[in-house]
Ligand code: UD1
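As a starting point, one isolated chain is supplied in structure tokens, in the form predicted on its own.
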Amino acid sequence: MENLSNEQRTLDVLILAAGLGTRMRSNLAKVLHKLDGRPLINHVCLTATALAPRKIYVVIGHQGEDVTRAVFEELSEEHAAFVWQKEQLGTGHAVNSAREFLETADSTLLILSGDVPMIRAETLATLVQQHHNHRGKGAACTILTVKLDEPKGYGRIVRDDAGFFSRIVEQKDASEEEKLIKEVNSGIYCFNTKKLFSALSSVQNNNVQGEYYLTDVPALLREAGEDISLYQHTDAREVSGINNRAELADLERIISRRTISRMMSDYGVSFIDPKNTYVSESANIGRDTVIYPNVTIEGETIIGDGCTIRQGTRITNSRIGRNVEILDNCVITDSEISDNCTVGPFAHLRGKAKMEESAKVGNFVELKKTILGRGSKASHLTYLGDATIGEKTNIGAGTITCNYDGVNKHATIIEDNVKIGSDTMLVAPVRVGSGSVTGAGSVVTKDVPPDSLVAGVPATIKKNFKEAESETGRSESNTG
């Protein structure tokens, strides 16, 4: 695929994404429905980028601003352009909306549908190669086709007596004989760009729908003496569009099962109940990790070797180290857990929370935008927000960092070897020095010096451990 852009013509891509998707029964544009955690349109855009095209044009209409934002999650402004289709007057009209950008382009135009997320870059590369090499001179149009046992609803590929392309006939316009044809149009095409837009000028809307069909263009080109090539693909699922929620769910299940199967066979991951586990295709899981039932692993999550993920846990866009144990019913999003940590049960990490090596978060503990230092523990019923916690510190049950003053968020810093007593409230901004202790039920509103004991509401210094040790030493010396 690396050499594709050096073929006979520059490659441009046009993705049709303006439709409403009425059969989805949704207020959301069809191409914005998510598969494997990403909008359908993003899957198609990502595949298209693998072909190294000059530009990817996206035809937008219904909820066009939202579609634009979704595409920019995958593509840069340098590589993407948007074409508005103001009225929904058919696929031919949609392509014609891009005339001002492409009419004079000396390029090959690959046309894709924004609701066909399973199409592979390898398949498209083969299609483009066949288009360029057809009869040694290239075709005006190459159509990707597939045979279906149940072709109802699809445009049929009509061939002549010699087996060459004759025309495409849509289901609603097909005769009873034509409806028996098994070979159908996938809606994926390669065109000589200039010849496409020349032929589009002759397309009429003389059909049951009163629409301008892109499918009329190949027949018009053939009548003008141009060569039309057919690339019959063997995988119907790969080129199928999503028309309703049941089909979307089927593809979701296929992707997850395929991903889990690959992880078991290639990476040595154990799944106790693969059918009741969801794993994103973008995730990466290390050897000898064990995944229990009803676990959901979303986005670009990375999990290291030798981990245990217990039942009911959801992990999203997070990085988990080696030999980590995550107990039942935890939620971990956009966070990082280092090696040899323990999490849960019923813990919540979010907002770029980070646990350093051998740290522990226990039941009903929430970390938000917090760093829990190496060997530190927060074992019970605790909220730690906007906090930085040092090494070997113990956070007692019921501790809360009061990080929000009603207007702004503030930071709490707890240094190394600190013991925070149960039910302590730390009113940020505040710092607790190394070696200090807070008494149970304290409300800490001021910085605590190192090696101090504070208690009360508000907390005050009751003892300085270093001074106490010094006085004890002097007393023992005097009595010696």
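Residue numbers here begin at 1 and follow the sequence given. Just so we're clear, the structure is a prediction, and the values are computed from it rather than from any experiment.
The discussion below concerns the form predicted in complex with this ligand, not included here.
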Worksheet item: Going by a heavy atom distance of 4.5 Å, is Q88 a contact of this ligand in the predicted bound form?
Response: yes
Worksheet entry | Residue contact check: Y213 to this ligand in the predicted bound form, 4.5 Å heavy atom | yes
Practice prompt. Would you please decide whether A17 lies within 4.5 angstroms of this ligand in the predicted bound form, comparing each non-hydrogen atom pair?
Written response: yes
Discussion item. Test of understanding: in the predicted bound form, would Y154 fall inside 4.5 Å of this ligand by heavy atoms?
Written reply: yes
Response to the item:
With the partner omitted here, the residue among T126, S201, N243, N133 that in the predicted bound form has a heavy atom within 4.5 Å of this ligand is N243
Worksheet, complete the sentence: Among V217, V71, A94, L384, just one has a heavy atom within 4.5 Å of this ligand in the predicted bound form, namely A94
Discussion item. Only one of these stretches, 357-365, 221-229, 159-167, 106-114, has heavy atoms within 4.5 Å of this ligand in the predicted bound form; which one is it?
Written reply: 106-114
Item to complete: Note that this ligand is not shown here; using its position in the predicted bound form, name the residues of 184-198 with a heavy atom within 4.5 Å of it, in sequence order.
Response: N185, S186, G187, Y189
